[in-house]
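A single chain, nothing else alongside it, follows as structure tokens in the form predicted on its own.
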């Protein structure tokens, strides 16, 4: 008998209920349901085209579902605009990084640091935002006072841009952070340095959803995984157990490079 997850007794932070979305005649997501509990790191995996990013877009308001609902902290947020969802404490990264290319790396964090959410949480007292931005970059692996911090974001290597995406979420002071293929394109050394950053976030009480193809690294830190295939959930549970299911092996492992 499997022992209960240490997160199973914590309250549900996010609930996805029977979520569906079609584009023309293509069913991208069909009847997807799962819960995410506070302080949990949930992985969402599946082959290319299985609906993972569409699901993230539905949760974060970039796409409106055909049916179903998304509930955050007991509130139905289905169909809210992305900026309103961000104000509630949900932040995300994107597969394709989206920096303000002409601004220095640390200046990219000024926008979230000026956000209504941060203003309300800080009582309107921002402090020295440049210093806060540099501290956040250091937290995700930028070297303190390195020239990289001051370079235009458009000139940064891919690994730094991925870290910058994560830093934006931290700047927003989000409670739920959704990372869409954060590990994609990172070297082994870069992965080794960024995985502890994710682990630290969870230890500090953040809730994290990770959409990933890099299973080895994800399984080291995920409490639980949801497996999608053709837009539907085919398995859910502890990584080591889920990957033993025949339907998961057939749908996912055969497609991995």
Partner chain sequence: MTTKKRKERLDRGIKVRSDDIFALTSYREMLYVAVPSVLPVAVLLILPLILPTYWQKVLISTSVFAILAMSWDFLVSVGMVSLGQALFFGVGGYLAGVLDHHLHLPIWLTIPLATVLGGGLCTVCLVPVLRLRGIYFAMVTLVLPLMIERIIEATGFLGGTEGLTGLKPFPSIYAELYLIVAAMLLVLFAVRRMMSTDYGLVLRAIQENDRSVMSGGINIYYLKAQALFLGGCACSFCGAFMTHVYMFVGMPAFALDYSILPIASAVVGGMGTFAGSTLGAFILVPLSEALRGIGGLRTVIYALSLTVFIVALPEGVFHYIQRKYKQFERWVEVER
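Predicted model only: the values in this text are computed from it and were never measured. Positions refer to the first chain, counted from 1.
There is another form of this protein, the form predicted together with the partner chain, and it is not shown here; the text below is about that form.
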| query | finding |
| --- | --- |
| Heavy atom within 4.5 Å of the partner chain in the predicted bound form - residue from 34, 219, 230, 62 | 62 |
| Exercise: residue 78 in contact with the partner chain in the predicted bound form, heavy atom 4.5 Å | no |
| Residue 122, heavy atom within 4.5 angstroms of the partner chain in the predicted bound form | no |
| Contact flag, residue 162 vs the partner chain in the predicted bound form, heavy atom cut 4.5 Å | no |
| 4.5 Å heavy atom contact, residue 172 to the partner chain in the predicted bound form | yes |
| Interface stretch in the predicted bound form with the partner chain - options 181 to 189, 135 to 143, 68 to 76, 108 to 116, non-hydrogen atom within 4.5 Å | 108 to 116 |
| Partner contacts in the predicted bound form for 90 to 118 (non-hydrogen atom within 4.5 angstroms of the partner chain) | 92, 94, 98, 99, 100, 101, 102, 103, 107, 110, 111, 112, 114, 115, 116 |
